[in-house]
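In what follows, one protein chain appears twice in different forms, each by itself as structure tokens: structure 1 and structure 2.
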Structure 1
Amino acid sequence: MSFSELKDRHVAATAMVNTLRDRLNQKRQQLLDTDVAGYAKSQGRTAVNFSSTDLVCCRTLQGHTGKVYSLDWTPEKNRIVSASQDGRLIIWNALTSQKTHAIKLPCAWVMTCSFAPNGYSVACGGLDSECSIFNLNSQVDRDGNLPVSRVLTGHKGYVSSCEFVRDQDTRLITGSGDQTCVLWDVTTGQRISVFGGEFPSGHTSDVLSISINSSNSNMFVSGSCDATARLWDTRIASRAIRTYHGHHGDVNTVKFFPDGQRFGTGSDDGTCRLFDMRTGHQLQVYSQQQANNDQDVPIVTSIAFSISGRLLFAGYSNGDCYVWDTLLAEIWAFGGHRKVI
């Protein structure tokens, strides 16, 4: 086949992809008979009513001297690991606020950290494109530093996020600026599977965030600069299970909903969204957008759900942290002031 014939084929295939995408979007729109807020209101639900004493800061953990980029709790919810671009991981006893470890990192540009399920190890990664594992029970070296017990190398871009697989201390998933996610065996340092990269259903831009399903640790979701989230089954590396469209900008953060059947996302477009894992439906948009000028809308940098899923905590680039009533899509700022959108 000649070069120009191939080019024609490429143009035709591109057009077909665009046509199918449009048809898919239309069909999905038809299936969106209600969003979560509409349904909850139809069932007579009203928004959570916070008073000024309801959400009170009970601990302030001070010690980092640079921006804190990431933190993770142990499964028992009594210890925290935090990562800062002051070049350290700090392990905290969350009850007493005591620091139990301050780990000097080989690379200060850390972006993510995770506690192992057994509570003995922590992992971190960042601009060095590696994921470093520290065993908290190791002997410190001559300089008083905890040695790195394992380095996971192989990513061709920064490690933006990492998470230990909950029921397996030996497995970790990373997301990277090289557009892939990787499942690692921490004991050997080997890559078990690579998600995306060479395959067509992988992300087409940097992966910024991952979240493992707490109900089914074979499933995880990734968020990317390509404005999509993708669902992966760790047993099937060859293709994403589903791609979730809707955001108009980088998906900076993804988090599974407590029931394990939905997940939330936060984006540069200033919105959080709730997607249904199984069907792909976009169930709710959480948007503060009121200004005409898009540039005024702060971006969503990080999200977390409360244990029931009723509350969605969202951090924004302007330093605000808001609480969304997930069911009614109403918003509260810390301090008890209510803002209804």
Structure 2
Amino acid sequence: MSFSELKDRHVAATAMVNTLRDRLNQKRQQLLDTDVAGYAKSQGRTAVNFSSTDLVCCRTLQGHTGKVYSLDWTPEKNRIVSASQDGRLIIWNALTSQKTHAIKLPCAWVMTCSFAPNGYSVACGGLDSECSIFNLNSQVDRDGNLPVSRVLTGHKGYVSSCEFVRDQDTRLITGSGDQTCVLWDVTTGQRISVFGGEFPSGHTSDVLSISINSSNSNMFVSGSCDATARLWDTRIASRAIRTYHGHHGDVNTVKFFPDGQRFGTGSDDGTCRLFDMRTGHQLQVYSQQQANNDQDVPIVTSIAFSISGRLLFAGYSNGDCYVWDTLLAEIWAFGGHRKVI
């Protein structure tokens, strides 16, 4: 078969895939008679109202000298770990704003960090394709630095995200630019399961974010540059349970809804979306109204839900943070940051 024939077959196959995708989207739209906001408004629900004193800056944590790429809270919500490209992890007392640890990293190009459920260990990863574990109770070395207690190696691309399994201090899940997620045994440093990669149901581009279900720690969701989010079961590594479509750009961030039955996403297309884990349907789109073209829409870089799930906090590339009413898809904005959140 000649090169031109192969090219023609590739073009035809691509057109067929696009046609099938369009038909699938049309079928999904037929099944969705309304969205969350439409139903809530039909039931007479009213939006959450904020006064100027409802959302204020409680504390500003100062100490990093480079871009802060990631942070995480302890389960008790009294301490924070932050990762910066100044080459340090800093552990903060969230109540006093004081630094309790400043950990020098073997690689300054860190992208993610996570607290262990017991609050005694932290993990971080980045462009060195490794995930480093630090025990906060370890003795410092002669230079006053906290030594690395374990290095998890095996990824073939940068480590974009990491998260400890909530009810197991010895389990950690990472997402990587090598298109895979990995479940690790922190005690031994060995890989337990690999999600994606050679499996056809895996991501076809870099994994950018993961989120573990707080109600069922066997389930986690991942977001990728392939514009999809995928649901995984740690007991079944051979395939994704479900793939969620809808975004038109990289899925930069994913986060489970507090009840564990839904999850949110944020994307380069400037939208946040709410998906139902069980049906696979998109429940709601949270998008800003822009007077200009789509190129002026800021990218969604991070999201977080309130404890009740009624509010969705979204950070954007223009330095703003928007608060969405998840029920009515109405927005309230506030600023404060000068650069990308």
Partner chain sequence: MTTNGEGAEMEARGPPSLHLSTRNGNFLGKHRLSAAISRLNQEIQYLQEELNELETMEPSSAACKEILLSTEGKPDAFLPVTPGPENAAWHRWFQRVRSPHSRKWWTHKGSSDIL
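None of these values were measured; they are calculated from a predicted model. Residue 1 is the first residue of structure 1, and the numbers go on in sequence order from there. Superpose the two forms; the largest set of C-alphas matching within 1.5 Å is the rigid core.
Between the two displayed forms of this chain, it is structure 2 that matches the form predicted on its own.
Relative to the superposed core, residue 318 shifts its CA atom by less than 2 Å between structures 1 and 2. Relative to the superposed core, residue 20 has its Cα moved 4.8 Å between structures 1 and 2.
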